[in-house]
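Below sits a lone chain in C-alpha cells, taken as the form predicted on its own.
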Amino acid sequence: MTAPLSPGFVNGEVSFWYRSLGVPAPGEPLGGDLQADVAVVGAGYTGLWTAYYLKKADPSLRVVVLEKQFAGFGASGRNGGWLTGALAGSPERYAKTHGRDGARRLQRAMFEAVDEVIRVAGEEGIDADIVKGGLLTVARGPAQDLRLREELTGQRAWGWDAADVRLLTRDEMDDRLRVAGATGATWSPHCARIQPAKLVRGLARAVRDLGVEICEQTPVTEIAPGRAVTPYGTVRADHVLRCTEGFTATIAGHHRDWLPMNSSMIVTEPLPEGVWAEIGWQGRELLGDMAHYYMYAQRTADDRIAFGGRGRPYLYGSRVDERGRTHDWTVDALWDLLVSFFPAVAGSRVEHAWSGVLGVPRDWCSAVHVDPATGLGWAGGYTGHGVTTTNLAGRTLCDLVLRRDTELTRMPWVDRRVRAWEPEPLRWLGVHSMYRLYRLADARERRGMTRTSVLARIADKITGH
C-alpha cells in the first residue's frame, strides 16, 4: 500500500522532532588551538552527559566538546524517544567476564538510569515531554507469543521480578492499548516517552550553563593521545574522549569498530479523538513487538503516532547518510505495518519520514573505556538503546577520567573489547542477509507457524546477534 502523504510531507531534514522545534543554526566553530583538561568528540547524548557530569564533579575542569554539525544532529535528535531500561546486548555475554551478578548489576543500573535522566531533566528545567508510562511489548501470532513468554522466563532468570515486568491479561492489554491481532503482551515500568530533540537541546543548554565550550561546525580529523585535530585548530587535553556512536566508522582507524546501522521512522498528522477512542493509549506507553524485523512506536505529546523500524539497514562500506532521507518503499512498509497494528489510522496521513544511524559492535554489546596511560577513551555501541545507556556511559566515563573506583567503573561493560567487523563485502552481505532472513521468517510466522522460524536462527548466527 502506498502511504498517504500530507501536503506538507517532509522526508529527511534531520527529523520530525527538530522540525517541530526548528532546526538550529550551528554555533561557532573552534577558533584556534587551545588547551583543555578534557576534549570530547561528539555533541550527542554521550558527549553531553559526559561533559555534564565532569563539570558537576569538578567545576574547575576545562571541558571542550567538538561537534561536526550541531549538538544533537545525529541519533540523539532522531531516535524513537524511548528512554528505556532495556540492556544493550545480551546479559549472558556480560556474565562471561563478570559473572551473573555483574550482569544483573548492569541491568539494575540501566533501570536506575531511566530515573536519573528524568531527575536531571527536572533539575535543569528541561521540558522533553517526558511521561513514564512504561513499555508495552506485544506478540501477534503464536510464534511471537511463544518468544514473548520465553523472554519473560529469561528475564525472571536474570532477576527481573513482577515489579520489573509482567504478563498482561487480555483485559489489561486492551485497557492500555488495542493492537489488532495481538495475542499477548508484557508491560515493564522501566521506560519513559521523551521528545528526543527537546532533551538533547536542553542538555546542551545545561552543559553550556556549566561553562563547557561546545564548538559546532568543527569536524575532528584525527584523534591521538593528548590531542584532537580539526581544520580550525588542535585541542590538546589530558583526556580525549570519542563519543561518536554511529558516526565512529567515519573516523580514521575506526572504520570497522562499530557498524553504522540505519533505522527509519514515520510520524502521522495529529489524530482525532475518535481514532484515540478506538486505539486507547491513554497511558502514553512505549510500544514494541516480538517480530524479528521489529517495530517501535510512541504516542507523541501532540497526539500523533511516531512509528519506526528497519528500512535499508546498512550502506556498503559503512557509509553514513547524514541527511536522513528515507526510501519511498520504507515509508510505505512502515505505513502498512502501522495500519495493520491500528486499522483506525488508515484515514490519516504521514507528515514526516526520516532515518538515523546507530552503532552496532560485533557482539552487539555496549562498552566504555578510558586508557589511563594515553588518556584516550570512548563509549558506545548502544544497538538502539542509547537514550538511556548514554547517561550511564557519561557517568561512567566521568568516574574513569577522574580515576574514581566506583560501582560504575566496576561494571562488566567497562574495558570490554570485541573484534572488529569483517571487511567488505562480507559486512554488507552479512547484514543484508540477516535482515532478508528476518523478513522471510516474519512472513512465515504470519502464516501461522507456532514456533520461531529456523530462518531467524540462521540470521542470528550469521551476525552474532
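In case it trips you up, residue 1 is the first one in the sequence shown, and so on. Just so you know, these numbers come straight off a predicted model, no measurement behind them.
Below, we refer to the form predicted in complex with a small molecule, which is not included among the displayed structures.
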Is it the case that residue 285, even though its partner is missing from this view, gets within 4.5 Å of the small molecule in the predicted bound form, heavy atoms only? no
In the predicted bound form, residue 358 touching the small molecule (heavy atom, 4.5 Å)
yes
Q: Look up in the predicted bound form whether residue 80 has a non-hydrogen atom within 4.5 angstroms of the small molecule, and give yes or no.
A: yes
query: Could you tell me if residue 394 has a non-hydrogen atom within 4.5 Å of the small molecule in the predicted bound form?
result: no
Checklist entry - Hey, with the small molecule in the predicted bound form, do 45, 73 and 384 all fall inside the 4.5 Å heavy atom range? => result yes
Of 243, 353, 197, 207, the only residue with a heavy atom within 4.5 Å of the small molecule in the predicted bound form is 243
Exactly one of 315, 376, 152, 251 comes within 4.5 Å of the small molecule in the predicted bound form through a heavy atom, and that residue is 251
Counting only non-hydrogen atoms, the one stretch of 140 to 148, 342 to 350, 82 to 90, 161 to 169 within 4.5 angstroms of the small molecule in the predicted bound form is 82 to 90
